[in-house]
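Given next, in structure tokens, is a single chain: the form predicted alone.
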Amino acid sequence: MAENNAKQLKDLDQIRALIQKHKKNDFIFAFIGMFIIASLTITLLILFLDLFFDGYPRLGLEFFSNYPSRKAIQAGILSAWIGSSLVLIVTFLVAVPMGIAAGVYLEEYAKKNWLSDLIEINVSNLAGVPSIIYGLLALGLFVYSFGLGQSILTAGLTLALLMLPVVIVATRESIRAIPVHIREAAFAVGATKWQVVLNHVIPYSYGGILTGVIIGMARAIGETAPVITIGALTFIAFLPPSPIGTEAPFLNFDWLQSGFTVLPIQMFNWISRPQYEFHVNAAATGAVIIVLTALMNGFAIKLRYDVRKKIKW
């Protein structure tokens, strides 16, 4: 009896020691993770503050409303931020519907065989392909083969290719996170496959899908290599035609074939000049890009939180 009690006490001591060891390892891992996150955040903050303070003298209304100029004090980013906006509109309209539809099909409708596995591997690999590869692909496909020219449409399609794998992966991961009993309950009351997907799967995965979409857009807004490859202009002192016309049907598509520039290229143009005043303009443009990216990512986080809270209640 005494031997059994002693053995049980020894086993309990070993279990307590093992638990303490795991708690210690968890604490060390959490500390390392927080240290890395804090280091990256502080580094980004320092870089942003350096850009902000360097470019602060130029951050004003005139900077956003003036065209680029050979005189640094008069130069602005009007054509660049409008060009970025129009390119992102095309990117959004092409990449988001295709990406969500592809993700839903691969996760809900495609048969699980070697072909779907091959597609999944290729989609995952495409998400890590360097952006310059997409630029070279677009140059040969859209500019030369399809004859779309060096236009806003070409730039939007190029960035859509870059963003498409991100949207597909985000959509599939969000759908996979939906509990299977939600589908089973819907099927049990007589819902069709499409009704289950449309009324249950997509609404519950809505937050994750939109988070992936916005993060993909935030990546696209800062890309430089693909748009340089397809011939984006480094100096442009005019605006594309307005997308909204004055006559029915009040839509104008001429802007799709217009020349363009974007914020990263405008920044590259200024930073490559020797005059210090242009470097100030480049710093201000960099600060604007970082703020826009941070706002888009913050909006994604807020949107995901609101959607999850709504579903919870």
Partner chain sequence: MKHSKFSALGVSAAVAATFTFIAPAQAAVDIIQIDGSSTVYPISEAVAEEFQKETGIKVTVGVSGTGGGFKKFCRGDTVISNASRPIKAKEVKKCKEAGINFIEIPVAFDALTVVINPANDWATEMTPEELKMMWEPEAQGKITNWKQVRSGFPDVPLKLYGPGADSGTFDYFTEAVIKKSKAIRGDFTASEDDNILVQGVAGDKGGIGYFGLAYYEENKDKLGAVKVKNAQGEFVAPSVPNAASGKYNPLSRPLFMYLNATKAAFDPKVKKFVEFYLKHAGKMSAEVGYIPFSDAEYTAILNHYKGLKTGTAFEKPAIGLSVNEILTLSAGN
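Keep in mind that what you see is a predicted model, and the values were worked out from it rather than measured. Residue numbers count along the first chain shown, from 1.
Beyond the structure shown, there is the form predicted in complex with the partner chain, which is absent from this document and is the topic of what follows.
Using a 4.5 angstroms heavy atom cutoff to the partner chain in the predicted complex, all of V94, L148 and G231 count as contacting.
Listed residues I133, M98, A127, I82 were compared with the partner chain in the predicted complex; M98 is the one with a heavy atom within 4.5 Å. Remark: F238 counts among the residues lining the partner chain in the predicted complex, judged by a heavy atom distance of 4.5 Å or less.
Interface membership of L256, defined by any non-hydrogen atom within 4.5 Å of the partner chain in the predicted complex, is confirmed.
Put simply, V213 is far from the partner chain in the predicted complex: not one heavy atom of it is within 4.5 Å. Residue contact check for P68: one or more of its heavy atoms lie within 4.5 Å of the partner chain in the predicted complex.
Of the stretches 168 to 176, 118 to 126, 216 to 224, 102 to 110, only 102 to 110 has residues with a heavy atom within 4.5 Å of the partner chain in the predicted complex.
Contacts between 264 to 279 and the partner chain, taken as any heavy atom within 4.5 Å in the predicted complex, involve N269, I271, S272, R273, P274, Q275, Y276, H279.
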